[in-house]
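One chain follows as structure tokens, the form predicted on its own.
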Amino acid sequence: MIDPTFLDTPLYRCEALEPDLGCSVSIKLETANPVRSFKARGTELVASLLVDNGARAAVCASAGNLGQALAWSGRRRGLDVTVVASRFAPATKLHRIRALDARLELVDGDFDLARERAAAVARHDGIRLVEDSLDIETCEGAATIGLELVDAAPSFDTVLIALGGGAMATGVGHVMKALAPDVEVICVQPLGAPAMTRSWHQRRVVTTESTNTIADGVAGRRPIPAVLDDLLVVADDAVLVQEASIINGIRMLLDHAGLVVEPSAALGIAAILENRDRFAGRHVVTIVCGSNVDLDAYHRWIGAAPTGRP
């Protein structure tokens, strides 16, 4: 069901990163596709099943990347898509949603307020609410990344996964536990958006009043209980990283790998930067999950003075 343009993404050893990180690093590149993120792996499944079942419309809340992906998958299949997003989301993400012919509704709040509004639209219009990470198709789509890692990678010790709602972490994590159980699955979240990581450590849902991070794609406040249950089964650890480390990771991926990435995609590199001893001598795979960046903000991040060794 997934368009091949989103599958078999590049996976390669990036030796240029290794002297600064102190470990072997392979990159799984999920940005070289029409929506510049991994999200379409899941929305391809969602949209295909909706159309097969006679649906004509769907709505989702999005920090930006899911909305683009659902708009792309829906347009290919004649599905009317509504995306609810924060008006404070990166302008480039909002522009791409509109360009893909989705109806875009903006709310004066964060992603969790957009989730509430999307649910209200679904009830009012009688259409399917697509909930990232809760809908199993979004997790199954992300799980194909794990299948490709297992099939293509040489022996590796650890996979670092950006943690937001949890679709990628639970999808890839389940594959690792089933097919490569010796691989350590580590989820990474910003210190300024810690709800899911705190929930994992406390083994119960922990919410926060606000978020404060440049990594907008993972900035949720209210974990979904069913997703946390899955995460507790498949994740070996969940760590928090500082904003300075995320910015350093963005800069390193540009300087050493020639990659323009959004902050969420640099979380894996940030985790290594903050704990080089933990990863020393290991072969680590980091999933570069998105490259939809606001250019003005990006130029500020890469132009800032280096923040030094975390």
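Numbering starts at 1 and follows the sequence shown. Bear in mind the structure is a predicted one, so any value in this text is a computation, not a measurement.
Absent from the display: the form predicted together with a further copy of the same chain. The rest refers to it.
In the predicted complex, a further copy of the same chain stays beyond 4.5 Å of every heavy atom belonging to Asp52. At a distance threshold of 4.5 angstroms between non-hydrogen atoms, Ala57 is out of contact with a further copy of the same chain in the predicted complex. Shown alone here, Gly281 lies farther than 4.5 Å from a further copy of the same chain in the predicted complex, counting heavy atoms only.
When contacts are judged by a 4.5 Å heavy atom cut-off, Ala122 does not count as touching a further copy of the same chain in the predicted complex. Considering a further copy of the same chain in the predicted complex, the lone stretch of 240 to 248, 29 to 37, 42 to 50, 272 to 280 in range is 29 to 37 [heavy atom distance within 4.5 Å]. Remark: none of the three candidate residues (Gly22, Val150 and Val185) comes within 4.5 Å of a further copy of the same chain in the predicted complex, counting heavy atoms only. If you take 108 to 126 and check each residue for a heavy atom within 4.5 Å of a further copy of the same chain in the predicted complex, you get nothing at all.
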